[in-house]
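This document starts with one chain, in the form predicted on its own, laid out as structure tokens.
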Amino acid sequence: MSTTAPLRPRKAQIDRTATALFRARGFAATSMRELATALGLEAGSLYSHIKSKEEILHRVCFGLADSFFAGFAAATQEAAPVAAQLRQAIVAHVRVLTHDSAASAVFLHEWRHLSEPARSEFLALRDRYEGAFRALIARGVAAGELHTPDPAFAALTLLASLNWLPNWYRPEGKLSPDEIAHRLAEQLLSGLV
């Protein structure tokens, strides 16, 4: 995991604007000139704030990875039943996804554009996070709290269901992020309990 320092206001504005463009157009189709125009800057002056658009992609991907790990750690730190920990891990995952749905969409789809070694580091983090869900579900099966013949398949199904959220979630929608989180947790856990 990376530790990210707070961004200066201009850099944060650049990141937000770039993230929205990456979500709408894709990382590869978004040019530095387009980003500069969206910010009301000359293309050359943008480089006084950032080195490349990949720098932004790196910050988005690794920053969200940090948030996902922190949420999972908080959800599983107490000595609660495994099913309760899994419920809280689902809620934490949804909260990260809904906190910034543009960044979540970029995290889930645009990571492929990271250069090495960042891409391999990102994939290792993703595998470790999925592994944490697999291990939690396997512990629940061993304790008799959860029922599935294949904890790895259950973890992938659960995460795939959750990770579709940025495709349909709208902050102005009728359900709050917490309502969505609790409904998804209830729906997904009912198949395992």
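Because the structure is a prediction, the values reported are computed rather than measured. Quick note: we count residues from 1 along the sequence shown, nothing fancier.
Another form exists, predicted together with a further copy of the same chain; not displayed. Remarks below refer to it.
*Asks:* Check Arg112 for me: does it contact a further copy of the same chain in the model of the complex (non-hydrogen atoms, 4.5 angstroms)?
*Replies:* Residue-level check for Arg112: yes, a contact with a further copy of the same chain.
*Asks:* With a cut-off of 4.5 Å between heavy atoms, is Arg126 one of the residues that contacts a further copy of the same chain in the model of the complex?
*Replies:* Residue-level check for Arg126: yes, a contact with a further copy of the same chain.
*Asks:* Does a further copy of the same chain get within 4.5 angstroms of any non-hydrogen atom of Arg183 in the model of the complex?
*Replies:* Taking the distances in the model of the complex, the answer for Arg183 is yes, it comes within 4.5 Å of a further copy of the same chain.
*Asks:* Check whether Ala12 has any heavy atom within 4.5 Å of a heavy atom of a further copy of the same chain in the model of the complex, and answer yes or no.
*Replies:* It does not: once a further copy of the same chain is placed as it appears in the model of the complex, Ala12 has no heavy atom within 4.5 Å of it.
*Asks:* Using heavy atoms only and a 4.5 Å cut-off, determine which of His147, His49, Arg139, Arg33 is in contact with a further copy of the same chain in the model of the complex.
*Replies:* Exactly one residue meets the criterion: His147.
*Asks:* Counting only non-hydrogen atoms and a 4.5 Å threshold, tell me whether Arg25, Ala29 and Gln187 all contact a further copy of the same chain in the model of the complex.
*Replies:* Yes: Arg25, Ala29 and Gln187 each sit within 4.5 Å of a further copy of the same chain in the model of the complex.
*Asks:* Taking a further copy of the same chain in the model of the complex, which residues along 145 to 162 bring a heavy atom to within 4.5 Å of it?
*Replies:* The stretch touches the partner through Glu145, Leu146, His147, Thr148, Pro149, Asp150, Phe153, Ala154, Leu156, Thr157, Leu158, Ala160, Ser161.
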